[in-house]
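As structure tokens, one chain now follows by itself in the form predicted alone.
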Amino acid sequence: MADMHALVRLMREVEDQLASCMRCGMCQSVCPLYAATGREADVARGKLALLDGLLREMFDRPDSVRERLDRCLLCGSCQAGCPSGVRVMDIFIKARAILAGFSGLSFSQKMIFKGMLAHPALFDQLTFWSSRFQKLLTRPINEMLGTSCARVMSPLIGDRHFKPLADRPFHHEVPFLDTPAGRSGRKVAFFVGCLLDKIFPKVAGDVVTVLEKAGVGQLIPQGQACCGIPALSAGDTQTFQKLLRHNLERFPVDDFDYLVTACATCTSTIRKLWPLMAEKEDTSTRRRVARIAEKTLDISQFLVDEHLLTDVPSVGRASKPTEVTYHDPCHLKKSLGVSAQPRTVLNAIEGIRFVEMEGADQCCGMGGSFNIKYYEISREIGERKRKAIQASRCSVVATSCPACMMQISDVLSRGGDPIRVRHVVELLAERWKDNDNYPSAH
């Protein structure tokens, strides 16, 4: 059990924030989980009503409270549409921390978060060696989407079509990079993130290519760690704080103009949750966290807002444009309000015809650990996204989050749909690589 004084302080914070909920039920209309289950207990209003008596409920039936709190994608749809401005995500994050502090983490959570994630070098080694042996237990199933499935039925994998670990993680390809600002006059730090590093290293490489082509100096520190969101979502604030301090040491805030990521979840975590969870750190640490948060941008947002696409020469070699639609990651649009910039990037790429998808900002159903615990519901939400993608009649669906790419690849692969899943920066990098006359970066 954690320090009771700390738990009581967190409870008071949650109770203060709960007071602003008017129980109007607007969250029902936007909650993807409620749309799938129709249960009042699954929508934010139901969870907030439960949390109103958290102290009593936690002592009486902690497992039941945990079950209801865990049934949430943390997509932020309810918070984005709340007329009372209730900070639902902050409340849920703190409530999960209270429960984890009171009841403790499960054995598997301790193994994953405290045993592996909290030790970045060990985590890198374990995932690297797992990639060596994964083919013994899995087999490729969809060449176009690059998905695999289990060779024999596995309780953890089930019938998922998943993206396997890459043979070589990005940090083996580019362990360190420090280049001066080029013709753009800007230098950025690149926070790679776990999924790009270990599952989509090509996308991480494309970020480097795009920044180089745009004349942007880059800092890629050695030994980056996870942004911490998996641990925080489970209520493990100790591991989250450890990862935050580890990353702070590797990103000296005075050495770059912006910190960019190509992962919507990492962007949202660094911008919003790092400052939230650094409130009890010393003044110097809080200031560093606040400055890094202010400098953190999604890669599309950085390219568009800094006008780095304006002098990009058109390639113009495609006789028949590729029709591409776009899925809005919840952590980018609903958490940070970033939706126009990825579309601007796609529209700037010669040879692509952008097609808007109906319900582009509806959650794909991934939700991190939610996908593991409640796969059937996650799959049902994902099927709605699949139908929207199909209705666009596009051959490519682009997005800005590697977790969304995994979920969408799963539903399209299982459905046998001939539709590719790409990151926005992948499409841009491919066009820029094709252009041999593009000016040198420095």
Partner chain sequence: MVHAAIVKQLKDLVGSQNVFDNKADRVTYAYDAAVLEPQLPAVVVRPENSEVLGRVVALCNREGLPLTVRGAGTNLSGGAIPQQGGVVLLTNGLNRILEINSEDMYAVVQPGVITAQLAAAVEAKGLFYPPDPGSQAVSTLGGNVAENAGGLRGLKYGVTADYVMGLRFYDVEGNLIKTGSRTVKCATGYNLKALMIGSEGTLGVLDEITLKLIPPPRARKSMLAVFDQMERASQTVAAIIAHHIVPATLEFLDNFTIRAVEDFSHAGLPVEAAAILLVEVDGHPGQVAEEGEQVEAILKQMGAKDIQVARDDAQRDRIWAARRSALSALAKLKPTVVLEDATVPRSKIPAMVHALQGIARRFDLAIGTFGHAGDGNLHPTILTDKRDKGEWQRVEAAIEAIFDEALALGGTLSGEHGTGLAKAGFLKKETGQGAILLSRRIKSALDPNRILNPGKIIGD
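Residue numbers count along the first chain shown, from 1. Worth saying up front: this structure is predicted, and the values here are computed from it rather than measured.
There is another form of this protein, the form predicted together with the partner chain, and it is not shown here; the text below is about that form.
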Among 377 to 385, 62 to 70, 393 to 401, 411 to 419, the region lying within 4.5 Å of the partner chain in the model of the complex by heavy atom distance: 62 to 70
Kindly confirm or deny that Glu40, Arg45 and Ala49 each have some heavy atom within 4.5 angstroms of the partner chain in the model of the complex. yes
Spell out, yes or no, whether the shortest heavy atom distance between Asn347 and the partner chain in the model of the complex is within 4.5 Å. no
Does Glu430 make contact with the partner chain in the model of the complex, using a 4.5 Å heavy atom cut-off? no
Is Val208 near the partner chain? Define near as a heavy atom within 4.5 Å, in the model of the complex. no
Consider Cys82 of the chain shown here, and say whether it contacts the partner chain in the model of the complex, taking contact as heavy atoms within 4.5 Å. yes
For a quick check, can you give me the residues of 11 to 28 that have a heavy atom within 4.5 Å of the partner chain in the model of the complex? Glu15, Asp16, Ala19, Ser20, Met22, Arg23, Cys24, Gly25, Met26, Gln28
